[in-house]
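Next up: just one chain, as structure tokens, the form predicted alone.
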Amino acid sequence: MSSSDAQNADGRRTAINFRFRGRDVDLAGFAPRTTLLDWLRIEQGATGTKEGCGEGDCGACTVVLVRRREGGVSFDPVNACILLLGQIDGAELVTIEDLAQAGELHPVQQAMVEHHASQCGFCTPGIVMSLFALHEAGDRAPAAVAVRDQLAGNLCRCTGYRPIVEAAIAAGAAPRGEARWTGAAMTPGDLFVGDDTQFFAAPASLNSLASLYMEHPEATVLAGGTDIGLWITKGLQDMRKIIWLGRVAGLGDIAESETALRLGAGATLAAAMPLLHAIHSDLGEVMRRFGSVQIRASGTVGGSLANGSPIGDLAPCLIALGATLELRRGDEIRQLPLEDFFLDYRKQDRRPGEFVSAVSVPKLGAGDEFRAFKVTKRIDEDISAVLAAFCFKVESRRIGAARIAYGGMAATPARARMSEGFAVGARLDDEKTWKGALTSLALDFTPLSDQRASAAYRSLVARNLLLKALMEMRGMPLDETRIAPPRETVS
């Protein structure tokens, strides 16, 4: 069936359109919660793409979506296990079976063979696809650090990664043939697969989104799916109404002025990452460790904030910077400070039919000092035990204003209001004036113990990260012997 035929009486498309193995595909009649991995393995028999963790962590299921974007073509590695089938609308899908041509391996595959970079082989397809995306991006000589970042979302229990990194560097120098993957043409108009009782919808405009969500306020609003995908694979939720934001024109727009950055809710974490890094390198480092390349390619700024997770990394950083959230319901648009959006665990100040449309992030001004630290059990692709972000206005070596925000310390990302009050007036060159800000954190938060950290550990780390920030701002070497608090404050 052609895409022109797949329309209902309202003019909305009733089938997703994508390109797969050299042909254009129109697909209708699928369950809204169908994952791309299930479609590949069960419906297509494409078992080269492996099912590993089922939560976007191990990378065994990595495939690549080729999309036409302004200025060229992008090659985005994604986790097929948590990406819904409907989300490939308008893309070209490339899997491990598609790389070799006429009996000749792709340069990445050939390099993997030559460097003995595969042992049991289970993780190898996902690794090859991640490196394929890096290769096709055009870097002829990727540095080892870039390769390691690219592979942060691909876990391998056999090889120790060294030969895989060597293979990636070698593949980068291999000659490139004629471009075989050009993306798919994006079919205009709204998408609505299903009926009013069960559907996968993808509005094409903000007005269409606002109207559809008002009509179905009980629907699940899907951005990148990097968390919602787990509701399906791990929570086994039978979501029957899904509104995907990936085709809403303008929702992913990014605008920048001298004083602020406006990020559309649909902007991916990958797109936002360099601009956030430009605000401060600490923010860039937090974003580098924000999941994997696959997660950043799919996940969005708005999804990260609207999710409301108490351990999300982006919210505390933006709260410390004084970000403002924009929400829309029907034709009504309102704004509120980001910290006021989070009411309780997984509960936000969002009315039925209302969605996050953008966030405005102030840039640092004269005298502003910003720091952000992410503490996890492993360096890459791990959920934070504590995320701390600090923004101080410093005048004549004295703190004139303070914004201190934490993730992992409460049921929501939250400011440390008591500590902020004591920090104002503190002198960077007089550590005795820091005491109130440090000790009052115990009054701001009563953290929980869970599998990631105990309450005592979180309290200790939160205090020490504030101390670290102040010592860095003071401009003196960090004296690690002074990081631990007095014994009597540890419970």
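Note that residue numbering begins at 1 and tracks the sequence as displayed. Only a predicted model underlies this, so the values are computations on that prediction, with no experimental measurement involved.
Keep in mind that the form predicted together with a small molecule is not shown, yet the notes after this line are about it.
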Among the candidates Pro203, Pro77, Gly86, Gly303, the residue which, in the predicted bound form, approaches the small molecule to within 4.5 Å (heavy atoms): Gly303
Sole residue of Ile383, Ala323, Ala410, Ile169 within 4.5 Å of the small molecule in the predicted bound form, by heavy atom: Ile383
Which of 309-317, 364-372, 416-424, 330-338 sits within 4.5 Å of the small molecule in the predicted bound form, heavy atom basis: 309-317
All of Asp282, Ala389 and Ala402 with a heavy atom within 4.5 Å of the small molecule in the predicted bound form: no
Distance check, Phe355 to the small molecule in the predicted bound form, heavy atom within 4.5 Å: yes
Any non-hydrogen atom of Thr226 within 4.5 angstroms of the small molecule in the predicted bound form: yes
Touches the small molecule in the predicted bound form: Leu230 (any heavy atom, 4.5 Å): yes
Contact label in the predicted bound form: Phe290 to the small molecule, heavy atom within 4.5 Å: yes
